[in-house]
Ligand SMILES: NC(=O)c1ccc[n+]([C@@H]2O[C@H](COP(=O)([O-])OP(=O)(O)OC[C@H]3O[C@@H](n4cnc5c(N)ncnc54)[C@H](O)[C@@H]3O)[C@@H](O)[C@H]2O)c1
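Only one chain is included here, represented as structure tokens and corresponding to the form predicted alone.
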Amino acid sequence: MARYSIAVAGAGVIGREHCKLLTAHPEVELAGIADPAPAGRDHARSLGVPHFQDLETMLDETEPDAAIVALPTGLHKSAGLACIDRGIPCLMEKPVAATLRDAFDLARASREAGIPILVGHHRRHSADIRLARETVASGRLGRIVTVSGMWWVDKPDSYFDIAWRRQAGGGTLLINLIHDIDCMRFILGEIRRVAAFTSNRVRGLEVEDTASVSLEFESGVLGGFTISDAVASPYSWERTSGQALYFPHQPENYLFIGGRDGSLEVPTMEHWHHGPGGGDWQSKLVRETLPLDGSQTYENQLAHFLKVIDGAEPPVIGAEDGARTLAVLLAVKKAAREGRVVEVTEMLEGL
């Protein structure tokens, strides 16, 4: 007998992956799928589970233990509130909401009702990102000085056949960079201010295809990140980690963390340092590979979500934490638009 009954709202690409993970888990029953599109109905039928036109009806009729929300971002707030009103924990795909006000409204509702929301920034469950955070916290790298990263991929033209991906809010910043922002916050702490340049020169669409971002963390760490969905390369978490759902694994690195006593490459987890005797820039360095545990990101996320449902663990990223990641991303967009350095606190004023 399944211990958990979990419903899924949204049968798009990521929604279907959630369904696959749920049906493969021995302790989980997929309670139903809510999606008004014919493809959603057909997918529910293929899995032999009930199909519903909307989330609210599904929740009322199936009374699940929890729900996974993989709907368009504009529907996240209403979906999250529907779950909270019924006392149902949910895993909310990123970003947590369409606006910061909606995100913080959702966070307040979750906190006041005591009903958890786990935001689907899945990389926080990845072995490499978790180990990077632990390594920084342990002091093995010494005082952290800088971080540098890249996310370079070549999306095909057909990717942009879907209208919202060509329009404001659909560029590589909100779709992709938000994950890297969240990883850097998770590993290195809060980001204080940002500066950025963006370009849409490759495709000429309304949305950006390339960006360069400078970051100052509250700890004093300085960093930079470049992102483009128009470059043929292996340099992205999806390819280098071997953890993503749709990408071949090509061992490389995409994130570099530098400290006074050593540096770390992610996700190969190559730790460079001088060894017990110490040294300086003219001394030979030791390369040590830190071992990963071999676990899978999305399986880890589901295992954590089950503990959140049980009340055994708080969400590793709740709605308010997810809202703060969104605030940094929106600060990047504002910095690029206005051509100036933007304090992240500017985005939080009045909230």
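Keep in mind that what you see is a predicted model, and the values were worked out from it rather than measured. Don't overthink the numbering: it's just position in the shown sequence, from 1.
A second form of this protein, the form predicted in complex with the named molecule, is not displayed here; the remarks below concern that form.
A.B. asks: Give a yes or no on whether each residue among Gly10, Thr73 and His76 has a heavy atom within 4.5 Å of the named molecule in the predicted complex.
C.D. replies: Yes, the whole trio is in contact, each within 4.5 Å by some heavy atom.
A.B. asks: Please pick out the stretch from 322-330, 31-39, 278-286, 304-312 that is in contact with the named molecule in the predicted complex, where contact means heavy atoms within 4.5 Å.
C.D. replies: Only one stretch qualifies here: 31-39.
A.B. asks: Does any part of Arg124 reach within 4.5 Å of the named molecule in the predicted complex? Heavy atoms only, please.
C.D. replies: Outside the cut-off, so no.
A.B. asks: Gly80: heavy atom within 4.5 Å of the named molecule in the predicted complex?
C.D. replies: Outside the cut-off, so no.
A.B. asks: How about Glu93 - does it come within 4.5 Å of the named molecule in the predicted complex, if we only consider non-hydrogen atoms?
C.D. replies: Looking in the predicted complex, residue contacts with the named molecule include Glu93, since a heavy atom lies within 4.5 Å.
A.B. asks: Any of the heavy atoms of Ile14 lying within 4.5 Å of the named molecule in the predicted complex?
C.D. replies: Output for Ile14 is yes: heavy atoms within 4.5 Å of the named molecule.
A.B. asks: Only one of Gly120, Pro116, Gly149, Gly171 comes within 4.5 Å of the named molecule in the predicted complex by heavy atoms, so just point that one out.
C.D. replies: It is Gly120.
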